[in-house]
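Coming up is one lone chain in structure tokens, specifically the form predicted on its own.
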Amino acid sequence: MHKRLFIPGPTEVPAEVLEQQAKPLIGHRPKEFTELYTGIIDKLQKFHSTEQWVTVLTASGTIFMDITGRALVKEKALCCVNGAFSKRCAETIRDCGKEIDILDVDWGYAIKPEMILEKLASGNYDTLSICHNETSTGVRNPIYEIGKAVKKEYPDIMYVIDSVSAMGGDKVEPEKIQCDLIYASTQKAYALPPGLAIGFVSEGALKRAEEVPDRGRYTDIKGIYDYWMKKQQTPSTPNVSLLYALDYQLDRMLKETAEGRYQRHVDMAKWTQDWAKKHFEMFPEPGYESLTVSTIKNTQGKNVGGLNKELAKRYYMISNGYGNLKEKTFRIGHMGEWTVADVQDVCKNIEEIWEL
């Protein structure tokens, strides 16, 4: 039997969205595909209130980490690290042959604008990377405030944001953030199967890419853009079936409205945080809690692995702590199509199993 996924992704996908993938395939060069793909781009721009160019790639969100390293960093990047996934981005940029410095903050704490400005003043950086929503810790970094501070002092620095586990649930408006690249994966707050990556790209980023050699092919964001301008298609074969699902899901998201979807995630996060504080403690520092995944300190020393085995019998699944936080924390994902009532339901089952 299927377990309802209250994990930080993949998240639950509505049956009607899954069914869209059963449509007959079309070629990815005829007019029919152009109409599908341009419609998706228009809907993404509308939902996120942006005029930035957006591309949808057949890949996981990690592709944009490689794009950052291969096509945006000229020489040296400042990588903000406060968890496992921001660390992954830093390592990816390094593995692309670029120099990195790391602004390292203890897990559970957010990265503040003043920290970044102090670090930027100490070195010659051309790119800044940060994770919007650290899935490993449940910390939500203040990307709007960071963008305002950084772009005022360092307008030429590329501001790159991993919003994999936030975008589509938390509010993401690229121009207001002043970012040059912000990206996500469809299996998180967009509530789709894995396999597509969405990236919003500024004009500045496209100009920067022209200055960076050896961009590869699949990671050449300028080449992807040029092909879009010429054909309104993707240069490589896309996952048409997933694009059908994305197109349909974006219609549902637009009907809910960006503000409505954001507020629903705010409400789920607040309820979960209040519940956690009643029985345990939140792991993130106060005021920087994620809207899409709550990471909770296991202050009672409960067996999280055992809990999940019992939840499975009731057709639920949550997540243990990530890496070194295993059993020290546990994570409840409340992203995508879940509601407050759904979160209350899984937490009620946790209470019964653990006798809270």
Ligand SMILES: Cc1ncc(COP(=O)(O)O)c(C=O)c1O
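Numbers for residues come from their place in the sequence shown, where the first is 1. For clarity, every value in this text was computed on a predicted model and none was experimentally measured.
Another form, the form predicted together with the ligand, is not on view; read the next lines as being about it.
Visitor: Is it the case that Arg88, even though its partner is missing from this view, gets within 4.5 Å of the ligand in the predicted complex, heavy atoms only?
Guide: Contact check for Arg88: yes, within 4.5 Å of the ligand in the predicted complex.
Visitor: Ile182: heavy atom within 4.5 Å of the ligand in the predicted complex?
Guide: Output for Ile182 is no: heavy atoms all beyond 4.5 Å of the ligand.
Visitor: If we define contact as a non-hydrogen atom of the residue within 4.5 angstroms of the partner, is Met65 a contact of the ligand in the predicted complex?
Guide: Within the cut-off, so yes.
Visitor: Using a 4.5 angstroms cut-off on non-hydrogen atoms, would Ser60 count as touching the ligand in the predicted complex?
Guide: Answer yes; at least one heavy atom of Ser60 falls within 4.5 Å of the ligand in the predicted complex.
Visitor: Can you tell me which of 259 to 267, 162 to 170, 73 to 81, 95 to 103 lies within 4.5 Å of the ligand in the predicted complex, counting heavy atoms only?
Guide: In the other structure, the partner sits against 162 to 170.
Visitor: Which residue among Gln249, Thr272, Ser129, Thr135 has a heavy atom within 4.5 angstroms of the ligand in the predicted complex?
Guide: Residue within 4.5 Å of the partner: Thr135.
Visitor: Taking only heavy atoms into account, state which residues of 180 to 200 are within 4.5 Å of the ligand in the predicted complex, ordered by sequence.
Guide: Read in sequence order, the residues that approach the ligand (within 4.5 Å, in the predicted complex) are Ser185, Gln187, Lys188.
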